[in-house]
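The data below hold one chain only, encoded as structure tokens and taken in the form predicted alone.
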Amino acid sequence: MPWSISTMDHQRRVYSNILELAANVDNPTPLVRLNRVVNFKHAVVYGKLEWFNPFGAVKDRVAANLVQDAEARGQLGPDTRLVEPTSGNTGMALAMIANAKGYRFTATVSNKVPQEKRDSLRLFGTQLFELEDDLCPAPGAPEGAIAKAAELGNEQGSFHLNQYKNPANPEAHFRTTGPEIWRQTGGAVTHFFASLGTCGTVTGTGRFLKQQNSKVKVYGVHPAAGHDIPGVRALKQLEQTAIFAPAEYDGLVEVSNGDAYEMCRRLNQEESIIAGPSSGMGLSGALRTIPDEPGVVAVVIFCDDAFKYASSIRKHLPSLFPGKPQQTSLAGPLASILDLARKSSDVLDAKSAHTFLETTRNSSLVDVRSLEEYEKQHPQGALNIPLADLAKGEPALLSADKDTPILTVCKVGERSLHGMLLLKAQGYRNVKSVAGGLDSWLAAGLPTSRT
């Protein structure tokens, strides 16, 4: 008689199908103590290694619960097309779950998501829509990944799971991540840290841990504005995220690009833990917050591994990659120029930009996107001078007076930075850029026009 096991066996690690590997309190992802990157005398810090989920990331938990919840509600039928905006990991888990269950899957993503992730989504059988958007899709963006997913989800035979608003997102962590940590630490956990994207991890896990012990401290770690850390959100975008619940947390910690990638390097080289940049960000924020006191037991979520981020790591840790071609040798300095520009007083939030235009005589607002994008929607009163035209020099629509006050705007605040620097290089002395672009303009309730 052929050998077989009819039910899953966590002890022997034998399963009848891949979905049985899903993490839960009886089959938790590992908790590993950090030794070399932690210099505390008393406090103990653990990383929770979420790439041990079957599809390689903490988002496996959310994807599984989103689908399970929709099935329980009778919202999915045979051959339903699941639709979801993603910065990568949720999409990859949904693609594989769809394969296993017989659904189809369509993802909408920012074209800033690392190429490795976009390639993997296609390998997994995903129909992919690549759009201009923030690295982590922006809520409220009229032409972004979230809006496109909502549009596709309304089509016949499609269903938009909507991880950004669906309560099944934090519920996944309340049901699995929180109970795992509580059991793995024997109830001794005192501090919990998670990087902030949709905020399902910190909100759901935090609720469970505080339900067990109200004294457990829960912290969310987020990047600085204009960051380049895939899968996480800066504070301005977090304010637009339905699952973001800062009143339930004990604090928020901001971490820079540099600190996140350096801690990513240290985790890999000093701890032999293959964590990615968002894990480095989470740990960096934790280490500056955790009190070094007896009895402190801190757990930091390590969302996924480093392998999905080779291009981002190459960009931010150039010293690790000697012998790069000469034509790419300026990537680091140019990135530094843009980072410095983002932090300068010449970058204004949307409301300050609007005030600048209203109170500054002879000022001009320049939308540097393509004509097609501009015509769909733009800030009221904006001129359209595409970035490529600005790069040619001496834009005809602008005054020859180099003291002319100019404000540049795009969709999410990236191309407008380039536009600001191009105009400054051409001698214009009073040029500023709108942080967050049209997305932040809309979020602030400022007037727009269509052509």
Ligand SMILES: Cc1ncc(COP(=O)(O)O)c(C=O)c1O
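All values reported here derive from a predicted model rather than from experimental measurement. For every residue, the number given is its place in the sequence shown, counted from 1.
There is also a form predicted in complex with this ligand; it is not shown, and the following applies to it.
Proximity to this ligand in the predicted complex, defined as a heavy atom within 4.5 Å, holds among 193, 244, 309, 105 only for 309.
In summary, among the residues 223, 230, 178, 285, the only one with a non-hydrogen atom within 4.5 Å of this ligand in the predicted complex is 230. Remark: residue 93 does not count among the residues lining this ligand in the predicted complex, judged by a heavy atom distance of 4.5 Å or less. Proximity of residue 299 to this ligand in the predicted complex falls outside the 4.5 Å heavy atom cutoff.
Residue 367 falls outside the set of residues with a heavy atom inside 4.5 Å of this ligand in the predicted complex. This ligand is not shown here, but in the predicted complex it comes within 4.5 Å of a heavy atom of residue 199. Not one of 132, 411 and 440 places a heavy atom within 4.5 Å of this ligand in the predicted complex. Of the candidate stretches 299-307, 351-359, 212-220, 122-130, only 299-307 contains residues with a heavy atom within 4.5 Å of this ligand in the predicted complex. Residues are counted as partner-facing when one of their heavy atoms sits within 4.5 Å of this ligand in the predicted complex; in 260-294 only 278 qualifies.
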